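Quick setup: one chain, the form predicted on its own, written in structure tokens, and binding and motion questions come after.
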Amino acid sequence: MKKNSPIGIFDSGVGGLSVLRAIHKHLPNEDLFYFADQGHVPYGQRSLEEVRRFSIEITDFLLAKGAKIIIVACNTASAAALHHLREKFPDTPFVGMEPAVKPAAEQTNSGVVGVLATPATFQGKLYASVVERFASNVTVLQNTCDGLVEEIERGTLDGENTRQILDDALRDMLGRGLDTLVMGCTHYPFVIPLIEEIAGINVRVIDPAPAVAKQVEYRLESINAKSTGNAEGAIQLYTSGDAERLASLLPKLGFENFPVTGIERCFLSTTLL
């Protein structure tokens, strides 16, 4: 494994870019390769078997590109596939997403915590385990925010539909004393400004991405694989969807115009383009 090899990151779409942003800020000298599986977004409504298959094939792709570590920047894929990925690729270090229920339970004053995530995340054993271990003494409210991933994929971060979805999700939670809210999907941090506008200043919003970035650094240090370069790391994006559409979406999400490559060959289980 070469220290200056890239970090591989993937998600069902643009959501994992919130994690990429945190990793780039924390480890600015690392090259980052990101795969957005927009040909299959959203993952939250797919079967566990499908998500596992996609995750394995994307991992193969990123490893073929020389990735030294794989970041599963998707809560749904982490819940469905992370264990299987570690079994199938025992020599590859992985970092996945875990709903930040523990810090939320530790920080709440009202004893009421909210979690916004996809149906697949809520149905997974990982989420149930986290709640059982760390949130037995608090009330945990949850909402799937149906349609929110699709709105973010369109770049409508503060549109009428986006606002309505979040208003519907938060109204009951706020009425029941919510004071701490967990982003349980990597897409959702892109609408934190709107969430804070709706929820008000008394609700703490937890984005797990900075903690994931620190975990990536720890894993790289543990295998002596941190980059030795001094220059700012390069960022390369790949998508199983429309490359031009992803490129046009980047400024709306607060990113520069990073290179985007569409994967035209059918390396996944269904035709991508």
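Bear in mind that the values here come from a model prediction, so they are computed numbers and not experimental data. The numbering used is simple: start at 1 and walk along the sequence shown.
One more form of this protein, predicted in complex with D-glutamic acid, exists but is not displayed; see below.
Contact check for Val113: no non-hydrogen atom falls within 4.5 Å of D-glutamic acid in the predicted bound form. Within this chain, Ala209 is remote from the site of D-glutamic acid in the predicted bound form, having no heavy atom within 4.5 Å.
For the chain shown alone, Val41 is a contact residue for D-glutamic acid in the predicted bound form, at least one non-hydrogen atom being within 4.5 angstroms.
Residue contact check for Cys185: one or more of its heavy atoms lie within 4.5 Å of D-glutamic acid in the predicted bound form. This chain is drawn without D-glutamic acid; in the predicted bound form, the residue among Ala80, Val149, Ile71, Leu181 with a heavy atom within 4.5 Å of it is Val149. Residues of just one listed stretch (42 to 50, 61 to 69, 238 to 246, 223 to 231) have heavy atoms within 4.5 Å of D-glutamic acid in the predicted bound form: 42 to 50.
Contact annotation for 96 to 120: a single residue, Thr118, has a non-hydrogen atom within 4.5 angstroms of D-glutamic acid in the predicted bound form.
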